[in-house]
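Same chain, two versions here, written out as structure tokens and called structure 1 and structure 2.
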Structure 1
Amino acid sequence: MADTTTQVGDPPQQQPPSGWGRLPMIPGPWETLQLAWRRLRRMSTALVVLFSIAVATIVATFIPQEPLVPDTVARWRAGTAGPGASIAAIFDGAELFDVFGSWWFATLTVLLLVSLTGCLIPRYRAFWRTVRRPPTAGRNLGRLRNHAVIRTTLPPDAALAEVDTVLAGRRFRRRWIDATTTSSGHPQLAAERGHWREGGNLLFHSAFYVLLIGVGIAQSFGFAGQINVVEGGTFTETRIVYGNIRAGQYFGIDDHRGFEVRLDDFDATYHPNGTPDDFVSTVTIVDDGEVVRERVPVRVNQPLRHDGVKLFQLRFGMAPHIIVRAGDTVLYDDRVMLGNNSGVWTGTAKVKTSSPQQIALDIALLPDFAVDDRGRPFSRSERPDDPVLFADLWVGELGLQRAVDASRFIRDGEPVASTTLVPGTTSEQLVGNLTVEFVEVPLWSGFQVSHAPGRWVMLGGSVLLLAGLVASLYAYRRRVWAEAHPGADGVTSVVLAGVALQRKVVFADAFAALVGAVRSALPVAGETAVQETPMTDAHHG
């Protein structure tokens, strides 16, 4: 058997290279979960996730969102608009065309909720323990920054009882401490106040939690749609009537209320410079065949509420009534909703969409026609006092069969004819036997119809946010102690001392007022000694 012992003088055994060492321990699944939870429950992690959500929201303002503007997103994907089809494909893969409906945004939201929960629960537990803990006894009261001695003829217990009454009136939490348990050997009254500073901090952070829940409820179970209605027109609150709608994931077609809204009248007033001063829609609500709200005004910031749905006044415009005929055959009879373009109301009407002879009208309306010194037409005001309509007639293969906005028809060359009309007049035959009649100028009103079930939760979160902010800014922890030292001459020396954990300058004034109140409550036997500038703030209980 070989001898394995090392003899004296044998060469040393070869050591591994200096760069080598023990391999690090690889955490198992349970350790990994614990590490992830410790990281996730930090407030810094919650702030990073919140910042990421804010960045995602900013990105959504620069990139068109498909639920809001699907036509724009389609043009970006086709490469006819935006940075190009290749960049749009990258955006599509990252779900940047629907940021708020993407899986990664939902993941960030869940992470923020979990992180806030992990941050707040331990802090609430610590706050609850702190609030329930009675005020502690003070030590070395004579070395505290705020210190005063009041000499009174009352016995010690009666003097402390008067101090207790003063502190109770100032809403301090108090605790009587027996002389056998104090460091000075004298009875002591300990009081404290200001836990709302930490409580306000917790409320402030909890408000984000509540706001996040409210936004999640509104986004999941709410909807918002927009629709334009001409005076005298009606629409039914169903999914199909809205030209632009955002519906939550859990808001189905059957969740629409189905009541009818009739626009009885619309009126607008203007400032001298032509900007709108006020515009109001007068509507009637019909539900289940019965009129439930009749001639109710709807203004900006004054929505109409019915059956959990709000009807907001959003915009308005002019809608000239146009009739296009081919001989005795009516090809078009409708009101064209125009938009304001620097004082000129413009729009387009699809008259005939079948190929090959498609027909469209380009319309411009001056509501109060006038001519300037150079012979150029303009509108004196925005009210339709003297309206004049200009119409260009387009005939040919215009692409009107596409499901796009009427204004996006194909303009190839020049219009085949033009006409100028006032209300109640009809043009001469423009092309063949085509004529255009201008009947009248009613107005149209644009509404936003929305259902936001989480608005009360968000309101509660906003109240919590404000309350927590005010409490954390103005509340502060402070402690006050009072001791009664009996004297040989029958005079009791009441020692008052206090310390503030925050806002020390403010507490100095409050302590001086407290000393004055106690001095007024006690029959004073001598001068009050107040120490305003001590050497140090000593450690206390």
Structure 2
Amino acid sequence: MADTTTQVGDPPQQQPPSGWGRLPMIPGPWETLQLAWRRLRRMSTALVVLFSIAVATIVATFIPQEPLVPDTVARWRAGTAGPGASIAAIFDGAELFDVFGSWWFATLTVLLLVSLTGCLIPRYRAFWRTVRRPPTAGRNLGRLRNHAVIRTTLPPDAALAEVDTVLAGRRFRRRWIDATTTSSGHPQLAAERGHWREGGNLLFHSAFYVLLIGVGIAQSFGFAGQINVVEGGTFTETRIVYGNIRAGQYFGIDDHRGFEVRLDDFDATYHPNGTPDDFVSTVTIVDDGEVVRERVPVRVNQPLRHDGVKLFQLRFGMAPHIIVRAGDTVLYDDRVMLGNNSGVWTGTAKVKTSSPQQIALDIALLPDFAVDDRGRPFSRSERPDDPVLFADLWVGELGLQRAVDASRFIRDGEPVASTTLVPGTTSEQLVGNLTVEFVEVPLWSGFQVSHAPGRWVMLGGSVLLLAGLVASLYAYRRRVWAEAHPGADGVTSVVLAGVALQRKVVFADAFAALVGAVRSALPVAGETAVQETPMTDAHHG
């Protein structure tokens, strides 16, 4: 981004007529706009916006973000966690629970982009001019700090041609200048390199537009949803099956692929010390009634791709198979997906949702049952080696017909009965003729399913960004001139001189190396003189 402070000085316009005294000039709307635009384009403004974005990210780190942890945000709003409900309401007003989706974060981003655009356009123009302009002729080569004279037996033109080859090998852009136009009256070779510095700079900044386009494509044309399946279960890739779905504006319901995904198996293996070793879902995909992918493993870091949709391993859990009977009538026969609640797997089974006698089971499962010193049960590990299931039976008006999460049914007083079961056992009759059977513990697997079409654009943008960054930091502008002065004795003096616009100390070495290379390319007559004169570098072109 250009620092345009030097351009601020406006040409004096609308001088107040003499006799009016010195009234302060009030800028009109157009001047105000111009002033604002100029301000916005300044690098210091860009820096302030950059810092504001940085501050916003700090806020987002320390205030829970709704897209990430909706439960925590709900607790902050209710006042059961965080600084209290009234402060949470203020946060809500400022959209602090969703910083990266808030209007003010969008405004900051737009401001930064406008500022960036304002900086880039003039710089693109200037860069275009600079790149197309051939290297300028040098004057008073002998007065430059980096300067050497090589005496050679070659005639002037042949000597300069040799220098040209050396410079070409060092990737300099060269230009031959006729003797009539140089100040010394001798033919000159002007060379320069390092335009990649500014080019890289522009590339780096332009890459942000590419990244932004990538984000836009992904957000508008993609989707991401999450789904949990029990072993042996199947889901169809449609909008309705997903919980927590984010679909782009242009990814319609009909754009879902509609293939079927069957979870054949889920395996979790552990190291002897209990740390996880491998989680793998074995998945079969059925498309149009045909098995297209059979028993494919899906792991963390090993997603499954089908029809432009990717399936990622996200989480897993226990899903005990439970049968509830009233006498011989089966009321409920299903696998209940449980969630991990700090070592205890808990969940709810909606056994009977029709009034008046609604029935629900609160389930807690310890996968590797043990009893600690104080007689309290706990789970030794995550492996279902020795599962024990605790079930609380609730009967009555439980509100199970409501459209809320099953686990939030109305619990009034105490459960009517409780039972403890191991796999393959059935409880005695609990209330009336109700029995609960605990068959076995299958596992469930949670997937993230997504279609992200902008990924390659993003990747391309990232590569451009990195390439531009490296070039802008490590390319250096250098100018070199060579002149051949014919001598009376048939000896040509080749004058080499160079100027560095950055890293001058390093250039002194590079120039010496260049002189060495030229010297070995020419048949040398006599000594080479490398002169160090404490003159300024400004006497050229």
Partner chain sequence: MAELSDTLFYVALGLYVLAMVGYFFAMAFTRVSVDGVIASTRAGDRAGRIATGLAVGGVSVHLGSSLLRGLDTGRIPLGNMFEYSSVIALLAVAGGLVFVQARLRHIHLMGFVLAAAVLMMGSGWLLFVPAGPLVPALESYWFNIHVTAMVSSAAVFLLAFLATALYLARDTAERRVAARSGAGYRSGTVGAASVDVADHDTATATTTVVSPLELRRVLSPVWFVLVPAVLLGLYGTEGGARGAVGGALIGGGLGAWAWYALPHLPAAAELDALAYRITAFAMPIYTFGVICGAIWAEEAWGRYWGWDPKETGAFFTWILYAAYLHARATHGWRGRRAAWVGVAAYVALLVTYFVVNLVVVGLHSYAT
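What you see is a predicted model, and the numbers here were worked out from it, not measured in a lab. For the two forms, the rigid core is made up of the largest set of C-alpha atoms that agree within 1.5 Å on superposition. Throughout, residue numbering runs from 1 along the sequence of structure 1.
Chemist: Compare the two displayed forms of this chain and pick out the form predicted in complex with the partner chain.
Modeler: Structure 2, which is the form predicted in complex with the partner chain, differs in this respect from structure 1.
Chemist: Superposing on the rigid core, is the CA of residue 209 displaced by 2 Å or more between structures 1 and 2?
Modeler: For residue 209, whose C-alpha is compared between structures 1 and 2 after core superposition, the shift is less than 2 Å.
Chemist: Would you say residue 80 moves between structures 1 and 2, meaning its CA shifts by 2 Å or more once the core is fitted?
Modeler: It does shift by 2 Å or more.
Chemist: Would residue 102 count as moving between structures 1 and 2, using a Cα shift of 2 angstroms or more after superposing the core as the test?
Modeler: Superposed on the core, residue 102 moves its C-alpha 2 Å or more between structures 1 and 2.
Chemist: Report, to one decimal in Å, how far the Cα of residue 274 moves between structures 1 and 2 once the rigid core is superposed.
Modeler: In the core superposition between structures 1 and 2, the C-alpha of residue 274 moves 3.7 Å.
Chemist: Having superposed the rigid core, state how many Å the Cα of residue 65 shifts between structures 1 and 2.
Modeler: Displacement of the C-alpha, rigid core superposed: 8.1 Å.
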